[in-house]
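Shown here is one chain on its own, the form predicted alone, set out as structure tokens.
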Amino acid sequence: MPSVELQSLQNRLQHAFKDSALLQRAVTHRSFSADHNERLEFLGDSVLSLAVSTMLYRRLRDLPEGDLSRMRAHLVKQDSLHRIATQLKVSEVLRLGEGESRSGGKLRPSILADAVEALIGAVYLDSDFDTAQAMVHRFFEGVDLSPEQQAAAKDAKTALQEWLQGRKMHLPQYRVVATVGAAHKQTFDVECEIAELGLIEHGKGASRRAAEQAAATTLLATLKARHA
């Protein structure tokens, strides 16, 4: 029998689990137990991707494949899943090891986002794809799919590249200038340079890709301010 907290989560998910062990596993971090949620997260990631792809295909009938892919990436990124986890109050039922819990794991966006994917995988195994897909569609029920939001979904590196190509300029150069921290928790400092314009901006992130995106975002803002 699920705890009161897990029963409340089922109500928020609008799914009553036949196998309560799946629900328990979905909210269990690897720091807590060997029976953790990473395999469910792997499965849920694929279910989420297909469910969101279907939603976009049906709602954005005139959008080309490349734009659909960018929109999907925008919707299923960590920030979006973290917001869903917050709405579902997943942090209230997360099972973490003592050390992870003390270091603020219950509020860590990556852990919460992973738990949402694990919950999607658990619902899929407990029922079927249609049920899991319906739940995912509820998560994104009020999402803005307007042209403005579609434009925002374009990642900064792509937007910067298109801005430069539209003006027949060379692509930007990205270089890692510093890496700080232990191997499992590094911060990358990347510079993005447009040699033709004599512009260089920096960005930091937990991965090289994230740092490159941050640098491209800053450089795009600089370009737009200059050409406003």
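Note that residue numbering begins at 1 and tracks the sequence as displayed. Remember, it's a predicted structure, so these values are computed and weren't measured experimentally.
In what follows, reference is made to the form predicted in complex with another copy of the chain, a form of this protein that is not presented.
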Would you check whether another copy of the chain, in the predicted bound form, lies within 4.5 angstroms of a non-hydrogen atom from each of 43, 46 and 133? yes
Contact assignment for another copy of the chain in the predicted bound form, among 61, 185, 170, 167, heavy atom within 4.5 Å: 61
In the predicted bound form, the one of 197, 50, 159, 178 near another copy of the chain [non-hydrogen atom within 4.5 angstroms]: 50
Partner absent here, but in the predicted bound form, which of 199-207, 185-193, 170-178, 53-61 has residues with a heavy atom within 4.5 Å of another copy of the chain? 53-61
Residue 69: touches another copy of the chain in the predicted bound form, heavy atom cutoff 4.5 angstroms: yes
Is residue 145 near another copy of the chain? Define near as a heavy atom within 4.5 Å, in the predicted bound form. no
Report whether the minimum heavy atom distance between residue 107 and another copy of the chain in the predicted bound form is within 4.5 Å. no
Residues in 119-139 close to another copy of the chain in the predicted bound form, defined by a heavy atom within 4.5 Å, in order: 124, 125, 129, 133
